[in-house]
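Before any questions on binding or motion, here is one chain by itself as structure tokens, the form predicted alone.
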Amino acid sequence: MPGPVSRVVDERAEEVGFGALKRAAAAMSEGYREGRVSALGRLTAAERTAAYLVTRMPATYTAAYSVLGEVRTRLGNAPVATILDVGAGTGAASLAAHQWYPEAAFTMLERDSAFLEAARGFLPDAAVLSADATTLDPLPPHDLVMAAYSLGELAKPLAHRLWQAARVALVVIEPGTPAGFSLVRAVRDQLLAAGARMAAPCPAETACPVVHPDWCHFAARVERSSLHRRLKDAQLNYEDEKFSYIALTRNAVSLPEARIVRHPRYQPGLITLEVCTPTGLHTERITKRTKDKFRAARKSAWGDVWG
């Protein structure tokens, strides 16, 4: 994350104290893992916010930054002057979007007042709405509407209302789990049927070829701070944040021929890619005999476009 943001996160964590922060981080992790977010109510606002800032905000920022970079590529010169962040939390997705759209005007919608206060500190020029997205009807129209790691925590489905508010594009990001992908696929199906156009990650607007129990997700590498490592008793200075997402637009955009949907597999003289194409999922085996293609495959990664 941007340096000034990281420094504020460290300051907020220091105010809470390591012992309380570690207990809060453990409770937060357990609550999200077991789907009992309401159990976080036993934490103070300061503990809950600091734990989220240290343990979840960097991952949300990194995933959103990765997704929005792809969205920016697909949208090209489409005008994005206003951005609405639904379920903004502490502002991670808005901060990521600000890197790609620095001139845009932001509105952050969040029902947790402590999280919203933190977000306001990171993006002081943004407008803020302290409200529950499920009760705010209609949502205020913006060029780009984002919902990052928020739809799964809401009691009511919002896909159509989010789409109605999106003048140019809608982006939904959820955890890269079977449940997260199921939610993203439901949004995909509903809104394509309503006339939305595909932007990313899919190379076509046809039915999703992924079959249960498999699920489509991607990963972004997150640098762990020393404090984050201590809280998690972790040795590695990074973790991989797995996420599922969908980006839809009002107008058709250029789509890639294919997208790599698994880590490439390397063997001597052979690279195997699992790719999603307009005709479904395919396995490509690329040998050194096709020099240019082999060289491109060596530089490719999970989530990259292909072809």
Ligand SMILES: C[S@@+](CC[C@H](N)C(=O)[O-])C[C@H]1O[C@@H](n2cnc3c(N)ncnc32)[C@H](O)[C@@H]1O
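The numbering used is simple: start at 1 and walk along the sequence shown. Predicted, not measured: the structure shown is a model, and the values here were computed from it.
From this point on, the text means the form predicted in complex with this ligand, which you will not see here.
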Is every one of Ala179, Val184 and Phe243 in contact with this ligand in the predicted bound form, taking contact as a heavy atom within 4.5 Å?
no
Can Thr82 be called a contact residue for this ligand in the predicted bound form at 4.5 Å between heavy atoms?
no
Would Ala148 sit within 4.5 Å of this ligand in the predicted bound form, counting heavy atoms only?
yes
Can Thr49 be called a contact residue for this ligand in the predicted bound form at 4.5 Å between heavy atoms?
no
4.5 angstroms heavy atom contact with this ligand in the predicted bound form for Asp143
no
The listed residue (Ala133, Cys202, Ala196, Val128) that reaches within 4.5 Å of this ligand in the predicted bound form by any heavy atom is Ala133
Looking at His228, Arg120, Arg111, His217, which has any heavy atom no more than 4.5 Å from this ligand in the predicted bound form?
Arg111
Using a 4.5 Å heavy atom cut-off, indicate which stretch of 228-236, 68-76, 163-171, 112-120 touches this ligand in the predicted bound form.
112-120
